[in-house]
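What follows is a single chain, given as structure tokens, in the form predicted alone.
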Amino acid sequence: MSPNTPDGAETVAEVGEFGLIDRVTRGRPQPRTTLVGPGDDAAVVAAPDGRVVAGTDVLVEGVHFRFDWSSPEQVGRKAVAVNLADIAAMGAVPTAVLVGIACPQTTPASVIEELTAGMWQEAARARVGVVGGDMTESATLVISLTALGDLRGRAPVTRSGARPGDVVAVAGKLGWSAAGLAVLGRGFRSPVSVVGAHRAPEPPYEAGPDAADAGATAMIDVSDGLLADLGHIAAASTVAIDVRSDLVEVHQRLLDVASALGGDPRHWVLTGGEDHALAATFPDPHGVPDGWRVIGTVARGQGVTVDGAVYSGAAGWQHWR
């Protein structure tokens, strides 16, 4: 449920569509790749490579975020992060974000201003611009983002290139968002580092292009859980993937949270979604770039196993289940 309108606070209906757009875009800097930004019928973004990597994500209040758990600014940061992680997973450098926001007319204008401030903050972390978008009315707050990226001469790294003999590696945090969700679900708000990882993940954007430069054969954004997303690579590449549990890092902070809540930290790491780490396969274990950790191997066959056995329990998040 959207935050209630404080007494005397302006709503989006009172400010109006164009007034609100002006508030959330005026004075915001743009990178050099933005040739025409907000204010025209469409944006113009430089594409020196001649190819544009594009991805879209939709976040719905009550499904992907809750304002009693996250501030509007944190939701805005997360909305941009989950989209740009997909661009990095293709081996591309993010260049721009387009934003669509639909919300009830009673939504406080300040909520949208804070939401978009978080978007600008995360866009700046990734060195991209928020170049345009749209706003409209709906019964529920919905955020739709389209992200663009530049391959800079690289071949795109898809899910279908893994080969027997490759190693599997990851970059970024695993299990932290799931641990944060468990903490919030129990009514707690700390430890801040764990809860913050769920509220506003920080994907390793630069690790994607680094992996492409190092010869990664397949790559994916870990959004639904490590095992589930490695399953997408295994299926697309028609190979088998085995994860070595002794190589998968379980941070001490996750161990502490699991001890306090009675959770399973290894389950969080293997199946927890929304960390937006990157997972990739490489032909040479000695060629894995800095910031990546080898956690498994690729072989002939199909499916994903952990220490040679099928993992018991759900491998990750699925919609409509």
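So that there is no doubt, residue numbering starts at 1 and follows the sequence shown. Bear in mind the structure is a predicted one, so any value in this text is a computation, not a measurement.
Omitted here: the form predicted together with another copy of the chain. The next part is about that form.
A.B. asks: Can you work out whether another copy of the chain is within 4.5 angstroms of a heavy atom in all three of A47, D86 and T136 in the predicted complex?
C.D. replies: Result yes, every residue of the spot touches another copy of the chain.
A.B. asks: Spell out, yes or no, whether the shortest heavy atom distance between G16 and another copy of the chain in the predicted complex is within 4.5 Å.
C.D. replies: Close contact exists here: in the predicted complex, G16 approaches another copy of the chain to within 4.5 Å, heavy atoms only.
A.B. asks: Does A102 reach another copy of the chain in the predicted complex if we count a contact as any heavy atom within 4.5 Å?
C.D. replies: Because a heavy atom of A102 falls inside 4.5 Å of another copy of the chain in the predicted complex, the answer is yes.
A.B. asks: When the contact criterion is heavy atoms within 4.5 Å, does T238 count as touching another copy of the chain in the predicted complex?
C.D. replies: The answer is no: T238 has no heavy atom within 4.5 Å of another copy of the chain.
A.B. asks: I'd like to know whether A258 contacts another copy of the chain in the predicted complex, with contact meaning heavy atoms within 4.5 angstroms.
C.D. replies: A258 lies outside the contact set for another copy of the chain.
A.B. asks: Can you say which of 92 to 100, 177 to 185, 240 to 248, 197 to 205 gets within 4.5 Å of another copy of the chain in the predicted complex, counting heavy atoms only?
C.D. replies: Among the candidates, contact is made by 92 to 100.
A.B. asks: Though another copy of the chain is not shown, can you say which of V170, M219, L226, V80 has a heavy atom within 4.5 Å of it in the predicted complex?
C.D. replies: Contact with another copy of the chain in the predicted complex is made by M219 alone.
A.B. asks: Which residue among V269, I295, V288, A43 has a heavy atom within 4.5 angstroms of another copy of the chain in the predicted complex?
C.D. replies: Checking each option against another copy of the chain in the predicted complex, the one that comes within 4.5 Å is A43.
A.B. asks: Mind listing which residues of 50 to 66 have a heavy atom within 4.5 Å of another copy of the chain in the predicted complex?
C.D. replies: Residues within 4.5 Å: G50, R51, V52, V53, A54, G55, T56, D57, V58, V60, V63, H64.
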